[in-house]
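Next up: just one chain, as structure tokens, the form predicted on its own.
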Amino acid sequence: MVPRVQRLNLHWSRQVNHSFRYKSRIRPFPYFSSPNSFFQTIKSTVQSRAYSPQQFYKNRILDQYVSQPVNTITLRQLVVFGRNLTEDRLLKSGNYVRTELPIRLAHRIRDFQNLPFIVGTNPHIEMVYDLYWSAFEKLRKFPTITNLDENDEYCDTVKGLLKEHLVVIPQLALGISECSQHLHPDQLDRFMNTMLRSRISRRVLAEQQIALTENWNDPGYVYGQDGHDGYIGIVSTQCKSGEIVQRCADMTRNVCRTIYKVEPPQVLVDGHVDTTFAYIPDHIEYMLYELLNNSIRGVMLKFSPSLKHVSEPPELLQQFQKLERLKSPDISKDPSSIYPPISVTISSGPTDLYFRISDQGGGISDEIYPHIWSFASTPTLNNKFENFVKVPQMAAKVQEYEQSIIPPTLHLGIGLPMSKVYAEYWSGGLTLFTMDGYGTDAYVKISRLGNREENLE
């Protein structure tokens, strides 16, 4: 009878051989001449990572932070605290961020540690894991902020980390794409949703503290009221629903006009277009831009199938940048477009604000529709994030498309899932209803009152 250990080794060797045979692009391990050499390498790697004195010490420290709950905030708290800013409040805010960021990072590091081993050894996943460990160590060791100079030093440290972590989204996308066969799609989606929501939350805290500090250091800043253009830190208290939709529509139409050399469909906005609300513009603009971009391109490609073969030469990107700099007049109401218009309806309720985007772009097929929110590979798309090899950094902000940091026509496959993450972060929502062969309606719901806490799970 075969001993139990040998049976387990045989079982694992079969799994490994299966992985190499059907997923050759995964590069977590070097070539092994035999199963024994594979298990010897695994054993030494696990021992060096998990059982070395240094790693044991680090995990004991991590446990202390993981055991602490996350203290969530609301948009209203950001506005009220920042509007009545004093030196004492600025320092208190700095110390809240100083204590909160390591806790939020620690929870995500633990999520990495709970991944299957073969996923954790993927080079892209491992890179993000190492970045998080490095940031956690740097932030937890920063001493209590007691004066403005120390606050400035802390903000400089955080700025550096924000810049370093611009690689996180592309690396996570590539790593998950390569390892999708080793995780159930539901588990993979939970991991990515949690990672991205937590990432948004940390950047909100960090960027708000940096912006408040810059306001404090600005001699021309007026305290006790809304700041320049209604901004309090990174929060705008004067977001105008109609203007935001029009800005995102104009930008998308300019891109399509430059690339396809035809007049794009109009974007007609109706409803409560004058509604004003407090929100982080980067978040709502990203969602609306992605949805309008999908709608406009969908309509154009349905009614002009030949446009699918139009490429994007580099000079077109330069032309688009020039067009944006010149701020060409709005021709969104030009009736010369041959396409049916996209309709955007805004509805303002007592507690929530809704955006409905309706198009006649042909809808989403039954084969694709169940997977539109998923980060996992699908039967029809084995490597949905492959274009991230062309995008070394990503902040997930609309300015990256506006300034052509990311080529506007580069399909990354993350727009809809990321938009849903943004919508749900402040306890809102994003829903799509589609009629295959006709068109799609997208509904975005956000809180008007700003009194809902961050959704981090």
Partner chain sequence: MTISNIRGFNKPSKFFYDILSSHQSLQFFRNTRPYSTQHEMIVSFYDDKVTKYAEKSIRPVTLKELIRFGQPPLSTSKLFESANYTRSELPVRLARRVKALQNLPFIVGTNPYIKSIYKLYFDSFELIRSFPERINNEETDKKFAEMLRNMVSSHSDNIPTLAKGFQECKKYMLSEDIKNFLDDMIHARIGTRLIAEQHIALHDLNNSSYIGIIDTKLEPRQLIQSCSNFVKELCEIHYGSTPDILVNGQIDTTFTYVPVHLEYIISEILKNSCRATVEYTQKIGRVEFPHVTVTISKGKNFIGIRVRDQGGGVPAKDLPSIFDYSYTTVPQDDIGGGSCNTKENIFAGVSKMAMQSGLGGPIAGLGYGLPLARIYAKYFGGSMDLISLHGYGCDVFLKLKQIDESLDDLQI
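Residue numbers count along the first chain shown, from 1. Model, not experiment: these values are computed from the prediction.
One more form of this protein should be noted, the form predicted in complex with its partner chain, which is absent from this view; the next part is about it.
At the 4.5 Å heavy atom threshold, is P350 in contact with its partner chain in the predicted complex?
The answer is yes: P350 has a heavy atom within 4.5 Å of its partner chain.
So in the predicted complex, does H272 come within 4.5 Å of its partner chain, heavy atom to heavy atom?
Result yes; H272 sits at the interface with its partner chain in the predicted complex.
Contact between Y354 and its partner chain in the predicted complex at 4.5 Å, heavy atoms?
Judged by the heavy-atom cut-off of 4.5 Å, Y354 is in contact with its partner chain in the predicted complex.
When the contact criterion is heavy atoms within 4.5 Å, does D218 count as touching its partner chain in the predicted complex?
Residue-level check for D218: no, no contact with its partner chain.
Based on heavy atom distances of at most 4.5 Å to its partner chain in the predicted complex, which listed stretch, 284-292, 360-368, 247-255, 210-218, is the contact stretch?
In the other structure, the partner sits against 360-368.
Only counting heavy atoms and a 4.5 Å limit, does any residue of 404-435 reach its partner chain in the predicted complex, and if so which ones?
The stretch 404-435, when checked against its partner chain in the predicted complex, contributes F433, M435 at the 4.5 Å heavy-atom cut-off.
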